[in-house]
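Just one chain is shown here, as structure tokens, and it is the form predicted alone.
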Amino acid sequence: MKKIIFYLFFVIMAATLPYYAGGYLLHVSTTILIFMSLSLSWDMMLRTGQLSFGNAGFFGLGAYASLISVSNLDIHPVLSLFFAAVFAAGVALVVGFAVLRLRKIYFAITTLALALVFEVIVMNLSDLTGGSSGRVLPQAIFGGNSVLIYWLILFITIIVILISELLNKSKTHYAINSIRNDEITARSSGINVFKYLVFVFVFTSAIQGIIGGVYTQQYAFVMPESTFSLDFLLLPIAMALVGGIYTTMGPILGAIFLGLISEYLKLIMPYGHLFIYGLIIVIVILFLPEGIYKVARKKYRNRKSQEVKLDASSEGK
């Protein structure tokens, strides 16, 4: 019940933000929502036990797919986001049949290499992608209206949150949990491990693709160096780790916490904020390895159990 109340509060506050916030806070919130969605998609893949470093790669593919569909195919900018998701999912389906045979560090390194391969391919298709110089759209989505762009990104983020919660409450959740805990036992129980891995990999890649498409339509510009930036890999991972992995609430809290801290540090320390930002991440991971959300939830449950024991003992007297 408390989680539902939190989500309702989050949606109401986020949806009404443009009415009481200025342009700067709106821009910061838009950025936080983008990284929140990426963090949730990364965590959904991690729940299978597979550590993926392909976020930036599929984000970049979605960004280019959205721009090219608008520029070359004359597709509406909003519809181009679906095209970006389908394209990223299609590529993930093809490469997934190869890379998902790998496990642990081999899978992680391969997915990281894929992002670099995608970037090299984009740079060499200069007639289509603009090469290393990138490409520019005539205008941003919704004519550059920051409020409408924010609401679009918020809508997508809410959908991603719902998907993450549904995934945690579906039969798929039990399957991927068993795969993460013991793949051999999962196979012997009749679970088609490869099928579930492909499904989650394709689905999370589609989310990363659509977020990349939104990012492109927001700024009306793509360039390989910035679009395939490791920021779209490392920051979402940090947010999930700080907030708490294997949950929906963890990446949400991590994105809000680190997003606000990062922006504040930029204001007070323009040239040293990354050092402090990294230090905060290290401290949280060292002293709160389970993440902020799980630690807070444990403390709350312990306090409740102690209160119940005290009430029981007082009644016994």
Partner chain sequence: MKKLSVVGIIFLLVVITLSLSFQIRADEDPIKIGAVNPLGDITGRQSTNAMELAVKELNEAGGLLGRPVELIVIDSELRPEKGASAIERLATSDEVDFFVGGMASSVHLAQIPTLKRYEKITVWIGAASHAIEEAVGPDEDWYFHLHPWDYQQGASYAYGWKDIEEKHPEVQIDSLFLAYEEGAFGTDSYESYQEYFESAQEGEGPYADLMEDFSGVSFVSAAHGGGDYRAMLRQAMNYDPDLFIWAGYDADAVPMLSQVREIGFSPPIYAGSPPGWPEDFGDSPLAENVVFFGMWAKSLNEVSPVAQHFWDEYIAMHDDEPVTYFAPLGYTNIHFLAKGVENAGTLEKEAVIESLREIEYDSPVGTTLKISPSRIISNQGFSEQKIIQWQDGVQEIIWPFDVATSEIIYPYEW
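The model shown is predicted, which means the values in this text are computed figures rather than measured ones. Numbering follows the first chain given and starts at 1.
Only in words, not in the display: the form predicted in complex with its partner chain, which the text now covers.
Engineer: All three of Val136, Leu253 and Ser262 touching its partner chain in the model of the complex at 4.5 Å, heavy atom to heavy atom?
Structural biologist: Looking in the model of the complex, the three residues Val136, Leu253 and Ser262 all sit within 4.5 Å of its partner chain (heavy atoms).
Engineer: Although its partner chain is absent from this view, report whether Ile156 comes within 4.5 Å of it in the model of the complex, heavy atoms only.
Structural biologist: It does not: once its partner chain is placed as it appears in the model of the complex, Ile156 has no heavy atom within 4.5 Å of it.
Engineer: Can any non-hydrogen atom of Asp182 be found within 4.5 angstroms of its partner chain in the model of the complex?
Structural biologist: Asp182: no contact with its partner chain in the model of the complex.
Engineer: Can you check whether Ser189 is within 4.5 Å of its partner chain in the model of the complex, heavy atom basis?
Structural biologist: Contact with its partner chain, no.
Engineer: Quick check on Ser132: any heavy atom within 4.5 Å of its partner chain in the model of the complex?
Structural biologist: Taking the distances in the model of the complex, the answer for Ser132 is yes, it comes within 4.5 Å of its partner chain.
Engineer: To test your reading of this chain, name the stretch in 213-221, 200-208, 170-178, 70-78 whose heavy atoms come within 4.5 Å of its partner chain in the model of the complex.
Structural biologist: In short, 213-221.
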